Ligand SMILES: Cc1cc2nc3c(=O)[nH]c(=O)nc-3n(C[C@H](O)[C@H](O)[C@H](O)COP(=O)(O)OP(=O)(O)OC[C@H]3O[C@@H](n4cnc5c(N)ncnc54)[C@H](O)[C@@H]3O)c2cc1C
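Below sits a lone chain in structure tokens, taken as the form predicted on its own.
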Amino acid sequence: MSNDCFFYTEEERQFKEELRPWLEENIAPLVKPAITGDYDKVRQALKLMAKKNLLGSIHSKEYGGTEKGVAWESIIAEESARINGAIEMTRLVSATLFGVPISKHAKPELRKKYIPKIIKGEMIGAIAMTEKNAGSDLTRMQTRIDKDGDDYIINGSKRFITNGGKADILSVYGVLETLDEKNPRKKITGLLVESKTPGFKVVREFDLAGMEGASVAELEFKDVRVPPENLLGKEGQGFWILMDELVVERIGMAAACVGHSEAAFDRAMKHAQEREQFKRPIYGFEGVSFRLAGDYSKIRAVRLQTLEAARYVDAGDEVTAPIASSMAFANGTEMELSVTNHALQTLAGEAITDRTGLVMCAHRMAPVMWVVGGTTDIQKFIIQRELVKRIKK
């Protein structure tokens, strides 16, 4: 599919056109060994991306970032996801999901200590918020944070944490019991924890369909001691730090949906023109060509919606950005389910013969995108909630 888009700046368009062949040449060869168990290839991919300045677009130049913004980051997410979803998820979580709260809310000395290493791919970051009983409803967190003098003590567990089993540094969220608040949101507090800290344990790594190559883990925190300087923002600000992070996360995820889907579409489009049945290419049958026409339109629509949401964030519009990011992500997940399924229908046996193939990987990734960053149903809830607010005003 063409890289052109009227709503990109000339700089963004040139960057996107140059990035795609670079990723195909440098990252694509690492995909198969990465998704079949060689995590060193994932780390190698991150370091190569770091040299290409693909991990620092939202970070300050003071710490080695490029300050290009969220629209630029969405281009990276889309193009990287075209190559492989698991590698892109690893990059996005480390550089953005972990990185945004650190850049915005960590003390300057911690930013100086960790952000350059994240941007260079020398460290991998993770964000630990999800628990057995706390997913869409983060107020159900049971991970407990107590005070011992000035230090914080973490006890609890987290699960389905992307990068969790391999991360060098994590932002961990729990309930600070010393805060005398009736609203549970006002007790949630964020702390930075290095994986080598005593009491931290990787319980297991999940084998999630679609996330082959990435580390998705269940974690345990047993009397993990954290110094006061590792506090993110202020005590009790964790919930709002997460809500702010999720806006940028959902834009990155929406862009990834576009990337996965476009990769599958391109493969299906090529096959439909090459494969002949009944003395003509199967593209000549309306059942195939109409599917492809609809899929092209859907991909392009979500790309534009994602770019719009990113523009709102870059412009500092905190009112419109949340609903725009949820719309892009909700439409992106549903689009990906449809487009990758159609690609399988078009390719038929050609798709299912290789589990590590591009279309099968994209298809398995589609249900993952439905769940991460707040389920698609939650995105729709956010959209209608914001609409109701506007009507009441």
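Source: prediction; values computed, not measured. Position 1 is the first residue in the sequence shown; the rest follow in order.
If you look for the form predicted in complex with the ligand, you will not find it shown, but the lines that follow are about it.
The ligand in the model of the complex comes within 4.5 Å of no heavy atom belonging to I383.
The ligand in the model of the complex comes within 4.5 Å of no heavy atom belonging to E11.
When contacts are judged by a 4.5 Å heavy atom cut-off, I58 does not count as touching the ligand in the model of the complex. Not displayed here, the ligand is approached by S136 to within 4.5 Å at the level of heavy atoms in the model of the complex. For the residues I124, I115, A128, V302, the 4.5 Å heavy atom test against the ligand in the model of the complex is passed only by A128. Taking a 4.5 Å heavy atom cutoff to the ligand in the model of the complex, the contact residue among S74, S80, T162, T96 is T162.
Shown here without its partner, the chain carries I282, N341 and L344, none of which come within 4.5 Å of the ligand in the model of the complex through any heavy atom.
Residues with any non-hydrogen atom within 4.5 angstroms of the ligand in the model of the complex fall in just one of 154-162, 229-237, 185-193, 100-108: 154-162. Scanning 368-386 for heavy atoms within 4.5 Å of the ligand in the model of the complex gives V368, W370, V371, V372, G373, G374, T375, D377, I378, F381 in sequence order.
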